[in-house]
Ligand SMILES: C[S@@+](CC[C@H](N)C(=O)[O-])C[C@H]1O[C@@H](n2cnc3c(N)ncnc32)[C@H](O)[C@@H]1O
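First, one chain by itself: the form predicted on its own, in structure tokens.
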């Protein structure tokens, strides 16, 4: 459909590149556009808005996700200049702000996996929770308690709204602030399961993850790994974790969460720690 709509504007190769680099989040489309096509960005945006009937806005991603608040700059190409939308996933509803808070639709499989691993009665610490998607999906079906931490006030505020939007079996507690400080002050040895969804800085926060996790608890340790062969990425991330961890750990599993670049992967290692 999109290829056909863009056939007068772009070559087949150009349109392939574009289609693989856009995300649809609720009624918003976000595009990463190669430099070679920037001169055509407006017409690309308008074409997409016309073709994708549920779309209200098309944005061009000007910068990568960056900074402590994990935000990015977006430029409106077509439609309404509003970066807040409602997104649905696995029976949950979320308000997200695609510019001012961290959100990735490409983590949906991992969100479902973690939600299925959580057990009734567990306490989970979600150290970098964003708008609370992992937290809420865990508490949707299970009678667990999730401490949902984020340093970005806009993300914490949306997390509070998202807790109200969803009927939960468990409880999610949104806390705004630096994860290390919150853990040190409030959450020492509280957690049966700890999520570390900040792969680019996981080593820096590993001590805090261990501090909040009970003896015998599980840490989901995310990292970015270069691997020449895709099949080796999980094993390499296990080796990396074992090099950096200061506690006795039993590796339960490892896997690629998603590709983030050529021969570059976001991985997760699930470990059980002994303190």
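Numbering follows the first chain given and starts at 1. Since we're looking at a predicted model, the values are computed, not measured.
This protein has a second form, the form predicted together with the ligand, left out of what is shown; the following refers to that one.
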Problem - Contact check for 111, 130 and 178 against the ligand in the predicted complex, heavy atom at 4.5 Å - result: yes
Fill in the blank from the handout: Partner contact check in the predicted complex: of 184-192, 147-155, 113-121, 81-89, the stretch with a heavy atom within 4.5 Å of the ligand is 147-155
Practice task
Report whether the minimum heavy atom distance between residue 201 and the ligand in the predicted complex is within 4.5 Å.
Solution key: yes
Handout entry: Partner proximity in the predicted complex: residue 94 to the ligand, non-hydrogen atom cutoff 4.5 Å
Key = no
Practice task
Indicate whether the ligand has at least one heavy atom within 4.5 Å of a heavy atom of residue 207 in the predicted complex.
Solution key: no
Exercise for the section: Examine residue 68 and determine whether its closest non-hydrogen atom to the ligand in the predicted complex is within 4.5 angstroms. Expected result: yes
Fill in the blank from the handout: From 77, 74, 168, 107: within 4.5 Å of the ligand in the predicted complex by heavy atoms is 107
Completion exercise
Restricting to 230-255, the residues within 4.5 Å of the ligand in the predicted complex through any heavy atom are none
